[in-house]
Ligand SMILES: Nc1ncnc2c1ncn2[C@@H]1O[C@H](COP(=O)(O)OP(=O)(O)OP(=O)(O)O)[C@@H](O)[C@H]1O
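Single chain ahead, by itself, as structure tokens, in the form predicted alone.
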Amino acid sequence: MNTPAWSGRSHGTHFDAALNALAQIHHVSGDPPQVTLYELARIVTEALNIERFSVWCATEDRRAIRLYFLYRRSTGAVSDGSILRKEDFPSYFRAPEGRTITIDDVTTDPVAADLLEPYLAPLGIGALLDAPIYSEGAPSGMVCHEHVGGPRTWSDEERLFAGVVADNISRLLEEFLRQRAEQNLRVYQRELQVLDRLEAMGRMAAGIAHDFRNLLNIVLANAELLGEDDLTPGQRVYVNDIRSAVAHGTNLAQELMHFGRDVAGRPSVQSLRPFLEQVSRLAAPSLGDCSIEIRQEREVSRVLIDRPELERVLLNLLINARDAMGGRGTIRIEVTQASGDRKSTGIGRAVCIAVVDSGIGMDADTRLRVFEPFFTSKPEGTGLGLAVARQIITRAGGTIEVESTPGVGTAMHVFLPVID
């Protein structure tokens, strides 16, 4: 790819020093990639006087980009793991190809329209200067320079500098992509392959469920025609059994129609404490004599996820906890900032939402199969709740894990990558 030559003499010493520093950066074998990127990010954010610098890598199927590295200048904090999918943010992914994507005012530029309300505005980002990165001549990701504050007019020098930064990122990625990026993308790709199979199964199941639900509606309508006054006590029992079975079948049909579907969502930046309090109020009438206790010792980072989808996951986990405890006791929701040292998560800095009960717990076989579609230990369960929950969390770049001991209780851990 031909790129404009950068002439230090024509653009002054301010960028000269930054360019010289960037040219000296090389990945040291054995060092974590973020060590190298941290030094690069520090140089770039100072040279451009910006708050946020991030690198996003394309997934293998090109349907999404995954946050590989995010640096915040004011705090020095780094994070990774969030997902932006093409179907969720089509305007941004359709942005004109070129050396850079320059957005001086995110509130008026159509390229930023999809990102404005769910992502840019909550993070206070007023202007963007993004540059694609390439691998073997093909786009393989994006380097984002994010200005926090109001609009900002990017100069020609700054746009050219951003392109050179992207070239340096491409060079560095060739040096260490096989380390963390490859590992993380491979984990996510495996999850996507599972989701692809589920989607194929879900499309078939949805068609069957649609017809099945129509038949159940006919059965229920006829059952309702049987007047209570015309029935003997024994007949009323049978009619109530019909209604109960139809209700269970309708619930199963509804789950089948949602299972495996890959539809465009509306991921947005979420502050978890107020969200969890709202979910707790929403769930309370369905929890019988169970109460909810939210434990959060300190403020945690925000996450990027579709709000109704996360609500659905947590409601499912709370109902499962209620059932495991026989409808009595205290369900704890514990919120912590995870350091990423849990190898199974495959992500770095994350927020963990744990739903903890003191119920009957699970044996080893149940723990292994708990996310398996149609597997359930409940007499009237569909076996789809946790399968759908896993699908939702995976699409957000996170993971969900189970920890359980028979007779002691269960903790369901939802890990979500931080976005600030």
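Quick caveat: nothing in here was measured; it's all calculated off a predicted structure. Heads up: residue numbers just count along the shown sequence, starting at 1.
Unshown form predicted together with the ligand; subsequent notes refer to it.
The three residues A223, R243 and G249 each lack any heavy atom within 4.5 Å of the ligand in the predicted bound form.
The stretch among 84-92, 112-120, 314-322, 132-140 whose residues place heavy atoms within 4.5 Å of the ligand in the predicted bound form is 314-322. Residue in contact with the ligand in the predicted bound form (any heavy atom within 4.5 Å), chosen from M362, V351, L48, A64: M362. With the partner omitted here, the residue from L40, I393, C57, L386 that has a non-hydrogen atom within 4.5 angstroms of the ligand in the predicted bound form is L386.
Of the heavy atoms in H26, none are within 4.5 Å of the ligand in the predicted bound form. At the 4.5 Å threshold, heavy atoms of T36 stay clear of the ligand in the predicted bound form, well away from it. Along 388-420, a non-hydrogen atom within 4.5 Å of the ligand in the predicted bound form is carried only by T410.
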